[in-house]
Structure formats: structure tokens, C-alpha cells
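First, one chain by itself: the form predicted alone, in C-alpha cells.
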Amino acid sequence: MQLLRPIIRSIRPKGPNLNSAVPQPADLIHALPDPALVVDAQGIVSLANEQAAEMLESDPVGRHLSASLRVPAVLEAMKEATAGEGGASVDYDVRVPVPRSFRAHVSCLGPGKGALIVLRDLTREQQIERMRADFVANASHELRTPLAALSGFLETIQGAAKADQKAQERFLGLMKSQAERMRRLIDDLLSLSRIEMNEHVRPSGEVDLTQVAAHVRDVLSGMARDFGCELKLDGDGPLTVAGSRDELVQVLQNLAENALKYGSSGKLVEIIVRRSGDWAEVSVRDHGPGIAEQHIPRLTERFYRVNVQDSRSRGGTGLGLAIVKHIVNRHRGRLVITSELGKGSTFTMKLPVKG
């Protein structure tokens, strides 16, 4: 705040009412775009802007900083600053409810006058850098196979099958399927990147999960008929959560498509919407062959497949459940997977009920 005083004096108007145009400390704190707090010499928060209260998920004013920000390095920097020993910048990570990274700038306001703490969210910047590297690595690895297949088909058409019309038609069909596979892969990689980039930002809209489930049932009814399977919805009526409708549709559609592709032999796939205490639960249950226990912990990993050839033959990219996991994390929810060989699998999304 000492740095601001020369600026404040320079804009102070001349005349009898000198204080009317002078910004007060609280005005300056609330004008900052980043979360900001002022603590007194004892470490009690005396001022905080709305961004700080939102980030800390409570109003910290009147309490010791340690009650809201349990980061030893930041508290130590604050202690030194309130003692008049200068300022410091501290990088720290928060693991729950979703991983986030911050930089705390701690500035001394003068011996015995407290400190100013400005928090900067580094999550998005770090995620962009990580996702750029992940995208290149994943795309280069997963695209290698279909590209090699396309190259081989082209060589065959230009060579041995140059005069064979039937062979050319067959190879062109195979090339089309490989190109389609590459398109799906790129679409899923881009979708996953967008979701991960915003995973730390909780959606604020209102969504009725029963309506979402009904929409997914209607959209996939044709696919269910093609698989000779009944797609059934069982719900208790409206059930509202805070969220993004498009993303929650994507979650349920991914889960229901997987159930139809891999569990349709059970002839029934159920979408069940229930409330359990403070949680809204949406389950997608099939009655197919089930999944062996050792695979379940890894199902949401990128490109993990229980059966690689079977997944690829059904158009899978190995990214669907990774996308589901990150969307559920963004909504501050949980994904629970249960399965029994010979009896089917159940994928349950649990989200906090709104209101």
C-alpha cells in the first residue's frame, strides 16, 4: 500500500473537500482482478475482495489467515512481511477438490502495519503447456497405426491392385474407415484438452439430470435398436444440479454408448436417475459380459482398453472414459464403477444436488 500513496497524492484534487476523491484501501483491494487480502500485524485478515472469498470458498475477514489458507510457505512469508522483513513470492498447489496451482505475492505494508497478499491462479497456464505436450505425444503415437494402414493401402492400389477394380473398392472402404478413426481420435483429443483446461472452474448453470437422461435415451434409441437391445430410463422426477448441460449429456452419452457397444448381449441397458441424500446419482447399467476386476481401476486412463482389437473394431478411441472422468471432476462429483463377470457393469456419476 505504501507504493500506492505517491499515486494517490498525485491525483488528489485541490480544494476544500480533499478526501472525497481519494481511493480508500478497501476500494483498491476490491478493484484488483486477482484474489487479494490484507492482514494485520497478528495475521488477522482485515480486508478481502470477492475473488479471494470465492477462491477460499468462505469469507476470511476477521479470522487468522491460517484458517483459510493452510499453506506453510505462504504463512511463513506473511509472518516475515508483517514483521517488516520485506516480501516474497510463493508457488503452491491445491489438490482438492481438483488440482490447482497458485502463486502468492506477499508484500510488506510497513513494520507493524501488516501485509498485502495477492493470489494468482497459474492452473490454466500450466495446463495449456502440459496439454500441448500431451496432445503431440498422444496424437503422434495413436495416429501412427491408421496412417501406416492408409499408406499401405495406397501403395497396394498404385501397385499390385492397380488394375483390379474389386480390390480397389475394398481397399478404398478400408481407407475410409481408417480416416474416420483418425477423425474420431482427433475430435476426442481436442475435447479432452478443452475439458482439462477448464477442469478447475466449476460450472454455474442449472441442469435437470432427468431431462439429460431422457435426451440421451431418445438420441441413442436408434443405436439400441441396431444392437437389438432395450434402452430403458428409470427416474424419480426432476433432479437439479449445478453444471454444464452439454458436458453432462456428453458423459451420459459416452457411458450409454459404451454399454450398448460392449454390453448389448444382455439385451437391456438401463439409465437410472436417483437422489441419495445430498447427491444426485445417474447410473448406466448393462447386463452383458462384465469387466474383470483388475481392469476397473485403469478404465479412465487415456487409451486404456480391456481388449484393444475389440475396442478399435467398434470405433473406440480409448478416450471416452477419460473424458467422462474429467467432466465429473469439473462438476465436483465422483465416478463409481462396479462390474461382475457374466452379470454386467454399472457406471455411476454422483454429483452434489443444487439447493
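Since this is a predicted model, take the numbers as computed values, not measurements. Residue numbers here begin at 1 and follow the sequence given.
This next part talks about the form predicted in complex with a small molecule, which is not shown.
Visitor: So, in the predicted complex, is residue 64 in contact with the small molecule at a 4.5 angstroms heavy atom limit?
Guide: Contact with the small molecule, no.
Visitor: Would residue 319 sit within 4.5 Å of the small molecule in the predicted complex, counting heavy atoms only?
Guide: Yes, contact at 4.5 Å.
Visitor: Check residue 261 for me: does it contact the small molecule in the predicted complex (non-hydrogen atoms, 4.5 angstroms)?
Guide: Answer yes; at least one heavy atom of residue 261 falls within 4.5 Å of the small molecule in the predicted complex.
Visitor: Is there a heavy atom of residue 307 no more than 4.5 Å from a heavy atom of the small molecule in the predicted complex?
Guide: Contact check for residue 307: yes, within 4.5 Å of the small molecule in the predicted complex.
Visitor: Just one of 298-306, 54-62, 41-49, 27-35 has heavy atoms within 4.5 Å of the small molecule in the predicted complex; which?
Guide: Contact-bearing stretch, as computed: 298-306.
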